[in-house]
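Let's start with one chain on its own, the form predicted alone, as structure tokens.
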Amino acid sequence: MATLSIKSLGKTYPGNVTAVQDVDVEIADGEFIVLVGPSGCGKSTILRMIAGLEAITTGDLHIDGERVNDREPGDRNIAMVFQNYALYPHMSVRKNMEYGLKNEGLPKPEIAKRIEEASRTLRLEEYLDRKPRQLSGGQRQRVAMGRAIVRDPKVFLFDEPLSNLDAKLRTQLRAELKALHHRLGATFIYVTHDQVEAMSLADRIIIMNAGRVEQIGTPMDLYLRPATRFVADFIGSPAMNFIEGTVGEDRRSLAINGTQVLNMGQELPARAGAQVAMGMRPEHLGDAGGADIQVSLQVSFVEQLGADTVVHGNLSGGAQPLAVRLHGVHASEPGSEIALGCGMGHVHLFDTATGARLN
């Protein structure tokens, strides 16, 4: 098991292309950290720098207090699980799992013991003599994880390991990964672009945007108090609603759509005339009666999800998109209007220019 300390980590490629800038994070022993963000945000680059597969341009990486910037990947005691499994097709499952241990010169009894334990943990006992082509995608990913487990590393790195699997299998393996982390008590660092994976797996999430860290926190920290509009928009499904407006002279109202004025019920943390974005999650909108903030949605289309209904449309009187998630089955015709409300406790305010949280 291991702690990691990442200080001012940066990566610049030839041509002065900056992929990662000034990343600072302390990772505790046994923590499950998930790096999440859109494609090209730098999350996989960070993982590869930790693994030693990419050279570090600036900053320092310490594992258990020792600086490892210049150590070879094989000397870092780290195991990595890739998106594409990276199994040897001509070798059986057993031989795939043995390969690295034999290269390390471990005694045969120790190798056999480790494979037995890992295959039992991952329910691979009956597949040990099969070739990868005889396995399903989920079984191959278990073998890839088993190959990492048998090495008994200090840190496990996962680079989008579930992205090639279908939705049902991803859900199943997410649960297995969480259980595996609990059993091993190891330090896991996991990269994904899928916010559902991030929310369901992580002790803490690092949200990346254009090579920089936007926010670090527990899943509920990020959901309840996103530090920036980017984080607010990225976390949650459907995405948060944003209504652009201008703070009134009394600082207790918001002018929207050029003609409408919303009474906010309390003084806003912005100067009069400031441009702000008011965020409300679809699941926090409901009946307008008595609500602090009241708006109207003009229906465009409806998603019937069984347990819930998501109604999509625009803010009445304007073109700003709006969605509401309602419990149960609701019938709403395109073109109709729904009166909605939201309590101020669920309202998020962001500076339009900088994206920074205001409240």
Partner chain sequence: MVENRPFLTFLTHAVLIIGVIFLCFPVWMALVASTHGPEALSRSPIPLWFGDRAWENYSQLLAGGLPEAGGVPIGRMMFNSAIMALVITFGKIAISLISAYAIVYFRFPFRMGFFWMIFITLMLPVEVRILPTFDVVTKLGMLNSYVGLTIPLIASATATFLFRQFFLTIPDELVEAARIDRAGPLRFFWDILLPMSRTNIAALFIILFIFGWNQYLWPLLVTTDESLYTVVMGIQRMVNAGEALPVWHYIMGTAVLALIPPVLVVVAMQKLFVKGLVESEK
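Numbering follows the first chain given and starts at 1. Every value quoted in this text rests on a predicted model; they were computed, and no experiment measured them.
Heads up, the form predicted together with the partner chain isn't pictured, but that's what we're talking about next.
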item	value
Proximity to the partner chain in the predicted complex, single hit among 91, 210, 288, 272 (heavy atom within 4.5 Å)	91
Partner-contacting position among 265, 137, 74, 238 - heavy atom within 4.5 Å of the partner chain in the predicted complex	74
Per-stretch contact check against the partner chain in the predicted complex, the hit in 186-194, 168-176, 227-235, 94-102 (non-hydrogen atom, 4.5 angstroms)	94-102
Residue 86: touches the partner chain in the predicted complex, heavy atom cutoff 4.5 angstroms	yes
Partner contact for residue 48 in the predicted complex: the partner chain, 4.5 angstroms, heavy atom	yes
Contact label in the predicted complex: residue 53 to the partner chain, heavy atom within 4.5 Å	yes
Residue 80: touches the partner chain in the predicted complex, heavy atom cutoff 4.5 angstroms	yes
Partner contacts in the predicted complex for 145-180 (non-hydrogen atom within 4.5 angstroms of the partner chain)	147, 151
